[in-house]
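Alright, here's a single protein chain in two forms, structure 1 and structure 2, each given by itself as structure tokens.
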Structure 1
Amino acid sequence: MSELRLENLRKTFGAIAAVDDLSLRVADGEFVVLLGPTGAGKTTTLRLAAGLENPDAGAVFIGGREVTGLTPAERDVAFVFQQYSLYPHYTVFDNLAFPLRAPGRKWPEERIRSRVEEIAAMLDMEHKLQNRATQLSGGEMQRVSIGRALVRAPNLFLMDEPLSSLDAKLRESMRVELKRIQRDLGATILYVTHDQLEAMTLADRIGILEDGKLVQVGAPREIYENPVSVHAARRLGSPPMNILPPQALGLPDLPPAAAQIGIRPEDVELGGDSGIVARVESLEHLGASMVAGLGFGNERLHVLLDDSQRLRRGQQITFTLNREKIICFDSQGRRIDAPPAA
């Protein structure tokens, strides 16, 4: 059992509340991703869980045992840092072996060797084992950092944007790899990122973090379809959800409190005789799909289309919104429930 439970955690730095009354449970074997913009308190949350920082209030439980106030070593967690924190003057092998050589562990050197080689193979780093850490590229250093966390099977993995310095291709393969490793090991992982694609693909559940507060927790699909706020809505999906003032669309039957409405780019339909007239202002081709930027009145709207549609920049076109998919928000950006069925 290695579930992680954070209860009402609070951490302030001077006047800033980096983490504000945060509660979260990561079940045994679950992969939870914290998603939030820069400065949202993602790193601080991980550091509180690891014991690198002491909370001003609240408690941390690992495997049902309260560990608030215990040192990182006593919590037996692995941490992948945002900056790759390797021992620069050691080889990749020694870096990977370091956690296994910690006092009290007393593994025979033979067993350490085979374990390190196993991990290196998993990370595709076998041929670099004798390189010094300073002779690696950023992506390789990052992989060694991840390897250093994986090499001993700890209670809990905490990962702070471990893929941020990799190129797109490597990032994708590491994503797949990481997910596979997590399934194989049944590892419990709390993972931080500001990349929504990483969050969507990796997470069993996503936690949306905003100014130190956890605004929504749920399965990726659930948050995608039912965001509780404008912030949460715009955090997932690319391009992000369109947020528009309702009066610009002339929609009747909206709840009176609706100050903004949200519609996903894929839920806008082009063409048809009735609908709002707009002008195509930009076109972005993404391979199989395409994003069109439409302008109407003072508003702009992104539409996701498949690439077969023939559009020209400057062209006049009509669009309609899929009424079932419209989400209404009040003036504070909070979700208003039950948009009226048409």
Structure 2
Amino acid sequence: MSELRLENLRKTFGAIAAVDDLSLRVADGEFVVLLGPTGAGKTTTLRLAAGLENPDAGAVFIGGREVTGLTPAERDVAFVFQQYSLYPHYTVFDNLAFPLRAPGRKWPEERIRSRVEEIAAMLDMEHKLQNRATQLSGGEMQRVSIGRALVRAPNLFLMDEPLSSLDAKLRESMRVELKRIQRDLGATILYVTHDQLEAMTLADRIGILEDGKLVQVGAPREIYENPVSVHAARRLGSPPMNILPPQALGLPDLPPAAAQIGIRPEDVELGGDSGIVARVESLEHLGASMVAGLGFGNERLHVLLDDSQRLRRGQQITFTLNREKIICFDSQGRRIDAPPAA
């Protein structure tokens, strides 16, 4: 496997900068996830790394070698698409063997069979090798699609929301499977998604994209606890961080430039004589936990609670904020480093 390095990449489509001066390093054996909403530049970044798009500026390096002008085949990368991209009339075996039967490889059939069986065992698909692709479930088809990328041991894996078309239960099991495979192989993966749960569970590091710019890169916990902007703060966490105007809460001793404050739902505490009075507007029961939506004045915030709490819609209640967990942002949504007074 190989390190991927993107240096000052820029790609425009007409007047729109899909990728804007983006630099990123994915270390050998690292799993990096690009996270952002539709239109943030995730897929374009992946296509630039693969050679499916040519940058207007910047450079791509794989394994220390500049590959900006090389074709996808010359870069030796494997691209896993959102759709399964299988040959429906082929068996699972032939779908997995297809990349190894390319004219340039000239692998003997015995070696191909050995490699396919090795990957099928890794994917728990040995018993399906003679099934046609049309006889597989959605999860099995996606496993074969990932297997086709794994089978030829490329320098780098690029994955474009490969789990998004699966149902919730399958996505959960495939996340676990994909992370296990990556660790077993020591594979280098750049993966894009708009699903923050996928990003949190899969990534060694997450890159937050906004309008083609990489606004923050770090370990999932680091970004969750120390976001650099409102955009980064709201990309991680379910429910997302509450963003509120300071004047609605009457908080003293905030930095003068603080135009917004952020507080995670788990850092809002209910009860207390000196708390802010609010009304319970909604309740979502999630099994062991519960999300309560509170309304006060013209504002609303979410609170994450133990499901054993006894609340009812319309109930009047007080709440306080954990002052040590408050994050302040300026009028542009950028984090203000100075912490609020305790």
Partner chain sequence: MTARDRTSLAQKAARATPEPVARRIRGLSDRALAWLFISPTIILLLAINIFPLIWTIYLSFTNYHANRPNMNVRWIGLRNYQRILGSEDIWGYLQVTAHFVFWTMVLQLLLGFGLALLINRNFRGSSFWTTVILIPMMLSPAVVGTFWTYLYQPQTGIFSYIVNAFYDFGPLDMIGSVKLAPWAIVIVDTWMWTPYILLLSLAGLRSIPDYLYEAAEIDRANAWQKFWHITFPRVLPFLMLAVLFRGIENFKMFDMVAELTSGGPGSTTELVSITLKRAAFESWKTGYASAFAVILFVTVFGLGNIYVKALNRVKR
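On a predicted model such as this, the values are computed, not experimentally measured, just so you know. C-alpha atoms forming the largest set that superposes within 1.5 Å between two forms make up the rigid core. Here, a residue number simply tells you its place in the sequence of structure 1, counted from 1.
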Only one structure is the form predicted alone, namely structure 2
Quiz item: Given a split of the chain into two rigid parts between the two structures, do Ser137 and Glu269 fall on the same side of that split?
Solution: no
Domain rotation angle of the smaller rigid part between the two structures, rounded to whole degrees, is 13
The CA shift of Val144 between the two structures, rigid core aligned, in angstrom, is 2.7
Taking the rigid core as reference, the Cα of Ala121 travels between the two structures a distance in Å of 4.1
